[in-house]
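This document opens with one chain alone, in structure tokens, the form predicted alone.
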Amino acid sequence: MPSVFGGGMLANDYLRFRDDLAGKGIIFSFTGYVTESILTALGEALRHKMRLDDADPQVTRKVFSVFVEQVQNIIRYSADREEQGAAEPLALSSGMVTVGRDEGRFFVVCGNTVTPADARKLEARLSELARMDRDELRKYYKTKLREPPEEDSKGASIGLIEIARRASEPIEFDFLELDAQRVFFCLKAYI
């Protein structure tokens, strides 16, 4: 007897999409516009998933911390942004974040567009962080904590340092020019 669930193009396309993510070890993925309240909800779902998977609590804290830093970077610095300058200004930033497992280690990847000027600054900063060992990262972090935030920072200027400190190996990053005004930026940290 033929199934009533024929498996049309829509179901096949999204099943392949889901299977492709699973094949890459992705256990959690979000793409689209993100706000602080969405960050809170996604973070809670991530922690629940890791608890259900019996992940080590210390690893869960590190993955969660890197996840939060990366999503906050999307919220604050994504060039794919919609704003409305009403009495109560509204802004939405877009990007993607995934969490996965690879050979027993967790990884967190974020991607979003940035301006070419921001891409050059990020590349210089991330290259510097990638060359530092744990002790140098710790000292640099303490130094930055004592300094005022950088002029163009929308946070405390320590988010990328925090990601590098929590990562189990040097952070990976890459840039892809989309057009004259936009560059796709991607950052991956293994925990």
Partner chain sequence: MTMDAINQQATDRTPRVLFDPQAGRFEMSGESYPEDAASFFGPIMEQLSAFVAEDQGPALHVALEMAYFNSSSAKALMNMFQMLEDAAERGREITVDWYYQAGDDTMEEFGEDFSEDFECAEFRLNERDDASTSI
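Positions refer to the first chain, counted from 1. The model shown is predicted, which means the values in this text are computed figures rather than measured ones.
Separately, the form predicted together with the partner chain exists; it is not shown, and the next lines address it.
Although the partner chain is omitted here, in the predicted complex all of 40, 65 and 75 have a heavy atom within 4.5 Å of it. Using a 4.5 Å cutoff between non-hydrogen atoms, residue 165 counts as a contact of the partner chain in the predicted complex. Although the partner is absent from this view, residue 48 stays clear of the partner chain in the predicted complex, with no non-hydrogen atom inside 4.5 angstroms. For residue 131, no non-hydrogen atom is located within 4.5 Å of the partner chain in the predicted complex, even though that partner is not displayed.
The closest non-hydrogen atom of residue 53 lies beyond 4.5 Å of the partner chain in the predicted complex.
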